[in-house]
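Just one chain follows, in the form predicted on its own, and it is written as C-alpha cells.
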Amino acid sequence: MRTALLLLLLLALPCSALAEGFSGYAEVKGFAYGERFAGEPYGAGWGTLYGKWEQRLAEGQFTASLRAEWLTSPQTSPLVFDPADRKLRRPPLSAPELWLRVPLAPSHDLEFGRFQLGWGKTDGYSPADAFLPRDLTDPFADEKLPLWAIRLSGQEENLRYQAVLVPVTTPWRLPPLGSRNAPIASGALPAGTTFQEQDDAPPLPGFAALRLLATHGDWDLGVWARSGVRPAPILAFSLDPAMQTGPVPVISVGRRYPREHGVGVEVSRVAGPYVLRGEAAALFSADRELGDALIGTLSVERGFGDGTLLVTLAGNAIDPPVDPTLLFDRGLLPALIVAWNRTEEWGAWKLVWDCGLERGDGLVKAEVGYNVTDTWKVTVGGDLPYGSDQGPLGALHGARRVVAAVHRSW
C-alpha cells in the first residue's frame, strides 16, 4: 500500500529533470478481466517506479537502474535480496541494470555487470535468443530478464563479434501454477487440484556464447554458438502421499535445468522497401524430455512512413519428446506472428497477432498510446487469447483482458 501511495504521489507532482544522467518513470496499470478464474477477482493493479542513472567515465560508461513494484495479485515475493532473479516469484525491488563498459582498444569494448542480452534477427521469434529467460508474471508482456554477464564486443572492417560469458543462471519466472496466467488444461486434473511449487535453486553456472557477423554487399551474414545451462525449466510433477490430506490432490512441482548446446546461422538483406531475414538453429541436449531441435524462422519487414509491418514464420522440424507447451520457448511452434506498429503525431499504436499453426490457438493484442504532454502518456489496449485450451495461448482464455495505464516519465 505504501508503494501504491508513493506511485500516485510521483504521478501528481510536477517534475523536471532531477539530475544530469538521471531518468525514469512512474506508471500505474489496471487490468479488467472478462471472467473470474479460480476465485481470482475481475480486476488487478500494477504499479511501477523506475529510476536509471547513466554516467560517462572518460571513454567508458556506467549505468545503474532500480525498480520498485506493487501488484495486487499474489505474484510477488516478500522483500528479499534477489539480485539475479533466481527466486520463484517476482521481487518487489530489483536492479534491472548495473553494468560498466570499458573500451579496450578502438572498436573493441568490454562490458560486465547486469544487462539485457538479445541476438534475434527475426521479430517475434528467434532461435538465437528465444531460450533467454523471460518473466511470465504477465504472460502477454514478453519481458526478458537481464543477466549477470561479461561481454566482449568489437569490429574490424566488415567483421563484428560478440563473446558472452554468463556465470550465473537466471531462470525463467513462471506465474503461480493453476492461476489465470498459468492455467492447467481443463480435464487434465481433478477440479480443485492444488500445486505445491518447490523453490528449487537453479544451477549456479550459466552459459557461454559467441556470435560473428559480417557484411557483404547488400547481405548481412552471421553465425553463433552457445553451450551451458538452459534457463527454461523442465517441470517435474509428483504426488507425495504425505501431502494428500484432503479430498483433492496436492501435486508437488519441482524444476530442473538441463544443459543444452546450439549452433545457428542468420542472414538478412534489404530488397527495395523490404527487409528479409532468416535464421536456422540446431539445438542438442541429452535430456530425454528436452531432446534436440531444428528451428527455422523467416521474416519480412516493410516500412510505411513512421510504421512497420512485420510477418514472421517459425517452426521446429523435430517433434519434441513431450508436449511442447512444457518447453516454453518452443510451445507455440509452428507459429505465424504478425506485428504492425506506427508512430503518430499524437502517440503510437500497435496490433499483434500470434497464431499457433498446429493447435489453432493464438493471441490478438492491440494497444493505443496517447501523449498528453511530453512527460504524460495514457495507454489503453487489450489481450484476447483464443482457440484450443490445449495450446499455450488458448489455455489463457481466463486471462482475456482490457488494460489501461497512466505513465509519467522524466
Partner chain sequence: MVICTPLFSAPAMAAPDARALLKESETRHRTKTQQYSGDLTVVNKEGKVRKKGWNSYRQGYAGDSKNLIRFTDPPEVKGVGFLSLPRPGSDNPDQWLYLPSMKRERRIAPQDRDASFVGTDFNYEDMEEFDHEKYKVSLQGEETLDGQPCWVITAIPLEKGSKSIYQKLTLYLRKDILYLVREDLIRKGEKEPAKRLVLSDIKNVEGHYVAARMEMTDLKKGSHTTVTLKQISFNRPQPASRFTLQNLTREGGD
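It should be emphasised that the depicted structure is a prediction, and the values quoted were computed from it without experimental measurement. Positions refer to the first chain, counted from 1.
Omitted here: the form predicted in complex with the partner chain. The next part is about that form.
Peer 1: If you check in the predicted bound form, is Asp306 within 4.5 Å of the partner chain, heavy atoms only?
Peer 2: It does: once the partner chain is placed as it appears in the predicted bound form, Asp306 has a heavy atom within 4.5 Å of it.
Peer 1: Report whether the minimum heavy atom distance between His108 and the partner chain in the predicted bound form is within 4.5 Å.
Peer 2: Judged by the heavy-atom cut-off of 4.5 Å, His108 is in contact with the partner chain in the predicted bound form.
Peer 1: With the partner left out of view, is Trp219 within 4.5 angstroms of the partner chain in the predicted bound form by any non-hydrogen atom?
Peer 2: Contact with the partner chain, yes.
Peer 1: Classify Arg56 as contacting or not contacting the partner chain in the predicted bound form by the rule of any non-hydrogen atom within 4.5 angstroms, answering yes or no.
Peer 2: Taking the distances in the predicted bound form, the answer for Arg56 is yes, it comes within 4.5 Å of the partner chain.
Peer 1: Here the chain is shown alone; which of Pro249, Pro205, Gly118, Pro83 has a heavy atom within 4.5 Å of the partner chain in the predicted bound form?
Peer 2: By the 4.5 Å criterion, the partner-contacting residue is Gly118.
Peer 1: Tell me, out of Ser153, Ser73, Asn316, Ser285, which residue has a non-hydrogen atom within 4.5 angstroms of the partner chain in the predicted bound form.
Peer 2: Contact check passes for Ser153.
Peer 1: Go through 98-106, 319-327, 233-241, 196-204 and give me the stretch that gets within 4.5 Å of the partner chain in the predicted bound form, heavy atoms only.
Peer 2: Only one stretch qualifies here: 98-106.
Peer 1: For a quick check, can you give me the residues of 275-301 that have a heavy atom within 4.5 Å of the partner chain in the predicted bound form?
Peer 2: Counting only heavy atoms within 4.5 Å of the partner chain in the predicted bound form, the contacting residues of 275-301 are Val275, Arg277.
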